[in-house]
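Only one chain is shown below, in structure tokens, and it's the form predicted alone.
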Amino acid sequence: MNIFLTGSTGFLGGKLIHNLMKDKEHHVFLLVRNLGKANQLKKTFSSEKQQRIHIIEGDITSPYCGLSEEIFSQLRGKIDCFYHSAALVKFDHDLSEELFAINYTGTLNTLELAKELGVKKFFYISTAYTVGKNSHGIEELYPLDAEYHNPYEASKVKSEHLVFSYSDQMDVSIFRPAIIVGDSETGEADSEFTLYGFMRALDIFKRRMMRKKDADQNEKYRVIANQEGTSNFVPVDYVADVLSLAVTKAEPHTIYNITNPEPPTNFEIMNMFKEALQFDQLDLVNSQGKYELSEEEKQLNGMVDIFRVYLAGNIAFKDHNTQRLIEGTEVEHLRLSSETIQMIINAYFTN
């Protein structure tokens, strides 16, 4: 098949391409803004596979993703599947306009491009956190007027509705990964993913405290969160494995939650951070209590405040559609052990 991808130079995109290229008949067409980065990615493949990787300069924020008329003519009627994963993943409220420009208008531009190219199947990579403030994640569209934590979530919800509105033009399917973490075998990761921003903040805070000459080595630094809340981590290789099945197995007008059925609690995760950082002074206290925070603790909680909504919830996700998708394949339903999570966390701080 001829497969078109956006967001291909990201960590998940690279993993997905490696999976797709295992089929020696596939050709992939990568829409990129950064040609240098794309060419570096291409060089990681064998010479045979490089012949089947085609780099196209463009931008999802431009109409028809900025494709030249020449490229447009070459691809029209020849693309079988279209993966759209390019997105801005930031939670700042003051970035609302930019988030909607990239995540929503960008999705509109890719859909219009896919329609004009005569694409048969369109796969949209969304997020499990379109669930917003609900405590139960389902494999259906969520209401546009529901409550969401930030403009990132809202932009993805609106984009999902937009994608399904094109169901009469092509087969559309939506995939919703939860919090993507490192590879379950190697721990290798992209430090731009959400979890790593949180860990980076903890690491920076520890270094600041260690540099203080008058710091009490026994003083505790508390992070306020829901101790019983859960962190739904999914390894990047599992996400890529599920996505790569879409080419032949995805059902039209269907949503797939790519989630962890047994996520660890925030309390367990914080203990893993403490071990990896060798920072026993770090502590997690329940958000339902009242605390008089020290100046250092106020600083620490301020550094991780943007992630607070994801430390507060305890969301149970259904993934029946995903289980049906992987049935009869080599992809096993996710069972992420605490040892694997600790390995992934340790790998970040080691590297």
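Numbers for residues come from their place in the sequence shown, where the first is 1. Owing to the predicted nature of the structure, the values given are computational and were not obtained by experimental measurement.
The same protein also has a form predicted together with a small molecule, omitted here; what follows describes it.
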Handout entry: Position in contact with the small molecule when the complex is considered in the predicted bound form, options 230, 184, 173, 126, heavy atoms within 4.5 Å
Key = 126
Handout entry: Single option in 177, 132, 263, 235 placed near the small molecule in the predicted bound form, where near means a heavy atom within 4.5 Å
Key = 177
Handout entry: Location of the small molecule contact in the predicted bound form, chosen stretch of 78-86, 203-211, 277-285, 159-167 [non-hydrogen atom, 4.5 Å]
Key = 78-86
Exercise for the section: Indicate whether the small molecule has at least one heavy atom within 4.5 Å of a heavy atom of residue 61 in the predicted bound form. Expected result: yes
Exercise for the section: Decide whether residue 51 counts as a contact residue for the small molecule in the predicted bound form under a heavy atom distance cut-off of 4.5 Å. Expected result: no
Handout entry: Close approach of residue 152 to the small molecule in the predicted bound form, 4.5 Å, heavy atom
Key = yes
Problem - Non-hydrogen atom contact residue 12 with the small molecule in the predicted bound form at 4.5 angstroms - result: yes
